[in-house]
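Given as structure tokens, the chain that follows is alone and in the form predicted on its own.
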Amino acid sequence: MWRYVTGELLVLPTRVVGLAACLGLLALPLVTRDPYVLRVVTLASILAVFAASWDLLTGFSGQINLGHALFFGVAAYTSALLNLRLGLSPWLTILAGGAMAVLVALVVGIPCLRLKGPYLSLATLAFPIMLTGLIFAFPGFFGGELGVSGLTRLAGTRLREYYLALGAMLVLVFAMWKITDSRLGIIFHAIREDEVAVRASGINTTRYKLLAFCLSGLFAGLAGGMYAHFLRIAGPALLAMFFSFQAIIWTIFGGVATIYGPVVGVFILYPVLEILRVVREIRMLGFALMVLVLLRFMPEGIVPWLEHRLEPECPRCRSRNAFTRRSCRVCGTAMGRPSSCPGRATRSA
């Protein structure tokens, strides 16, 4: 573990910042136990999983989903109904909500993956609207406009809920990052770049795109179940178009196709929205202006912008290095000018 920490986490500035941020969040209750502060960070942790799940589907596999709140809302309602009607514990209902989100992803993905481009986006946008109409059609079962309330709390105290949500966020985001860093992630990335070439190489692209839908739905569903039990309510607002667009805004703000970029976007933008509550009249205007100004100077998002400036790539092996290094940490090539790379050739052989 120590070798992994010193050899992987502490060699790049952005990873050091990320590790320090995680340790800071874990130590936050030692500084303050204000219920409002813990509530904001807890919700940010849950929503970070939701935003990262959208990045897993759209950022890596290129399947633009404008109705991502469908998975989140379905899991929230499933958790709520199982908890109220059958009295199941939150641990079981959250898992059941994730499973239901996977099933819905299959139902949505099979017909939608026959479409491409804007047609796929519009098709995914229609499903949350259809489910919202179903909720209003059966108010006695789904609660109508008021939703389903009175759920069991996620944990006994606000502090336990804080650590449970934060720990789940760290585990789930790390799992998504490992998926994208594996052979499966490479295939997703290849499908996004050139699906025709991937299909010509003998890979069943439809199967992998459907798998991307299911994985994204699973992580979004787990986040939706935790969200419902934390707020103790599941309502039609979770299926709203704006909720889906929020995940897109957070991801673009932090950095697409990074997994940890959406996490950064949520932990910056969500607290900012809470701070702007003191000026309700211009709250959304101020939020929109901040996003536009930042993306004007950081069009790729915060995380890629920082990586490009703090971690230049080796001109030969393309490995990222700290800006203070004079030579590549992998192959020893002098940074800033191309030269031979015997280490790279050896590994390729």
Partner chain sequence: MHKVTSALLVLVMGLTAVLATGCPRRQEAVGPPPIKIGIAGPMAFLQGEHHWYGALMAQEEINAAGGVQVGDTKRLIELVKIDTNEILSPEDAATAVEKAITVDKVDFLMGGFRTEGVFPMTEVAMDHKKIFMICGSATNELLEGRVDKDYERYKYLFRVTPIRSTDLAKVCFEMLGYVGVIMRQALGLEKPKVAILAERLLWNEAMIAAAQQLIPTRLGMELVGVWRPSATATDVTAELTAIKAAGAHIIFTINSGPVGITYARQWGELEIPAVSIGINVEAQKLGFWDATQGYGNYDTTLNTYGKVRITDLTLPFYDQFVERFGECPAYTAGTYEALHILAAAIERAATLDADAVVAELEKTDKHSATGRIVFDNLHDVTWGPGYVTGIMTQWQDGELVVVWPYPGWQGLHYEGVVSYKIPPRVVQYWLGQSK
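Numbering follows the first chain given and starts at 1. None of these values were measured; they are calculated from a predicted model.
Not on display, but discussed next: the form predicted in complex with its partner chain.
Here the chain stands alone, but in the model of the complex its contact with its partner chain, taken as any heavy atom within 4.5 Å, falls in 274-282 among 207-215, 255-263, 274-282, 193-201. The listed set F267, F243, Y163, W177 contains one residue whose heavy atoms approach its partner chain in the model of the complex to within 4.5 Å, identified as F243. None of the heavy atoms of G87 is located within 4.5 Å of its partner chain in the model of the complex. Residue contact check for V40: one or more of its heavy atoms lie within 4.5 Å of its partner chain in the model of the complex. Contact between D181 and its partner chain in the model of the complex is not found at the 4.5 Å heavy atom cutoff.
When contacts are judged by a 4.5 Å heavy atom cut-off, G235 counts as touching its partner chain in the model of the complex. Residues from 32-53 that approach its partner chain in the model of the complex with a non-hydrogen atom closer than or equal to 4.5 Å are D34, P35, Y36, R39, V40, L43, L47, in the order they occur in the chain.
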